[in-house]
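First, one chain by itself: the form predicted on its own, in C-alpha cells.
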C-alpha cells in the first residue's frame, strides 16, 4: 500500500491529536504552547515533504510527485503564517483557546490530501476535512454576531457547493465507470467518446471547486465571510485553502479530463473573465479593507484561472508561480491589517490608514509594497505572476483573455493605489498601537519576498516548471 508516501499527513494528524489531548490536560492557558507546537509540526511536515520520494499509494488513490510537493510546501507556509498571525490577535480578542491551532492543523491535513488526490473520493474527503475545519474557524469568535454569521453563511453555501461537487462526481463515475484519475484519463483519451452526461458531470465538479476558490458566480460568500471571520482566519482563508483548491482543480482538469480540454476550456474562460471583471469593479466602492481584500481575491483567482484555461504546461507553471506570489503578498497585507489597532481596538476602515506614512513609516512602506505588487506593478512579485500567466494565454492563442486580464489589472490598480494615497497624502490620524514582534516578522518576511522576487526567481520558476510537467506526463 506504500503508506509512507503519506507520512507528512500522518505526522500532522498525529500531532493534531496529541495537541488536542495536551490542551485538555493542561490546567493553565495552553494556546501559546499549542500554537508553537503546531508551527513546529508544520516545519517537520515540510522537511518530510522535501525528503519524500515520488510514487502512488493506497491502491492508486494517493499520489506523491513534484506537483503535490510544491503545493504542500506552499500550503504549509501559508498555514504557518495563519498561526503566527493569531498569537497577538487571539490574546486581544479573548480567543486564546487551544482548539484554534488544532483546527488549522487539521485543515492543513485536508489541504495536503487535496494536493495528492488521484481519485475523486480522495479529492472529496480532503476537501471536506479542510472545509469543516474552516467553517468552525470562521465562527470562532462566537460572542461576535458577525463572526457567527460568517461561519453560518460559509457553512450553508459550502454545503451547497459540496452537494454540487458530489453530484458531479456521481455523474462522472456513472458515465465513465471509474473514479481513478489515471483510468479516467485512459478512458477519455478520445474526446469523441465523452458522453453528454459526463460533460455535465465535469461542469458540476468545476462548479463545486470554483466555490472553494471564490470564483464568479460562486463568490457570494466571500466579502461577508472575510469581514466577519477573525482576521487571522481571514488570512488563512485567503491563502492556503485557495492554493489547495486551485491545485485540486488543476490536477482534476489536467489529468483525468485533460483530453477533453475543448469541452471545458470555454467554461474556465468565462469564469475567469467574470471573476476578473467583478473583482476589479466591485472593490472600488469598498470602505472596509477586509471586504476590499475579498473582492481582490476574487479578481486574483480570475487571473490564476487564465493559466488553467491555457491547458498547457506553460499555463500550469504560470498558475503555480502566481499562487506563490499571491500567498506572500496576501499574508503580508493581512499582517499589516492586523497591526491596525488603536487603544486596543482593531480597525478595518481604509480611512483609519490616514497619514500612516508619517506616524508609522515602516508599516506604511510594507503595505505600499503589497499594494503595488497586487496591482501588478514591476519589479514586485505580483507583476511577474501576471507576466507568466499572460504569456501562457498568448502562447495558447487566448488573446482576448490576456487583453481582458491586462485591462482589469489597470482598473484594479485604482483601489490599490488609493490606499497608498490615503497613507501618504491624507492628514495624519492618531498613531496605531505598538506592533507585536510576530506581525513585524510576518510583514517583513512577506515584504522582502515580494520586493526581491525578481532577483531570485529561478528556483521557484524551475520548481513550478517541473511540477507542471508531471501533470502532462
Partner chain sequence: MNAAGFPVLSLITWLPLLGGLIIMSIRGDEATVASNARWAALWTSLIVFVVSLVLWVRFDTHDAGFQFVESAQWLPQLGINYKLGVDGISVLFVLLSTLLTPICILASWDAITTRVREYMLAFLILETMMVGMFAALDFVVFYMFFEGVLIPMYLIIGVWGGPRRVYAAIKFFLFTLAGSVLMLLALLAMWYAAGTTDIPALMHFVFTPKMQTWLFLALLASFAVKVPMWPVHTWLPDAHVEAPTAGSVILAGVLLKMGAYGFLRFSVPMLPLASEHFAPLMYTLAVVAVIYTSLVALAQTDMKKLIAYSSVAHMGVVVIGIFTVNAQGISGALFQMLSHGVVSGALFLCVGVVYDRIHSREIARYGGLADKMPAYALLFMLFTMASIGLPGTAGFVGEFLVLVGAFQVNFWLAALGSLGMILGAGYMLYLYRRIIFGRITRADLKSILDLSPREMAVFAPLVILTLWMGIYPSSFSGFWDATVAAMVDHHQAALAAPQPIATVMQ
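Remember, it's a predicted structure, so these values are computed and weren't measured experimentally. Positions refer to the first chain, counted from 1.
Another form, the form predicted in complex with the partner chain, is not on view; read the next lines as being about it.
Trainee: Only one of 257, 155, 106, 383 gets a heavy atom within 4.5 Å of the partner chain in the predicted bound form. Which one?
Mentor: By the 4.5 Å criterion, the partner-contacting residue is 383.
Trainee: Could you tell me which one of 420, 39, 439, 48 places a heavy atom within 4.5 Å of the partner chain in the predicted bound form?
Mentor: Spelling it out, the residue with a heavy atom inside the cut-off is 420.
Trainee: Specify the contacting stretch among 339-347, 373-381, 168-176, 199-207, defined as having any heavy atom within 4.5 Å of the partner chain in the predicted bound form.
Mentor: Heavy-atom contact with the partner occurs in 373-381.
Trainee: Is residue 414 close enough to the partner chain in the predicted bound form to count, meaning some heavy atom within 4.5 Å?
Mentor: Yes - in the predicted bound form, heavy atoms of residue 414 and the partner chain come within 4.5 Å of each other.
Trainee: Taking 4.5 angstroms as the cut-off for heavy atoms, does residue 43 touch the partner chain in the predicted bound form?
Mentor: Output for residue 43 is no: heavy atoms all beyond 4.5 Å of the partner chain.
Trainee: Should residue 458 be classed as touching the partner chain in the predicted bound form when contacts are defined as heavy atoms within 4.5 Å?
Mentor: Yes, contact at 4.5 Å.
Trainee: Is it the case that residue 365, even though its partner is missing from this view, gets within 4.5 Å of the partner chain in the predicted bound form, heavy atoms only?
Mentor: Residue 365 belongs to the contact set for the partner chain.
Trainee: Across 387-404, which residues bring a heavy atom to within 4.5 Å of the partner chain in the predicted bound form?
Mentor: If the 4.5 Å heavy-atom criterion is applied to the partner chain in the predicted bound form, 387-404 yields 387, 388, 390, 391, 394, 395, 399, 402, 403.
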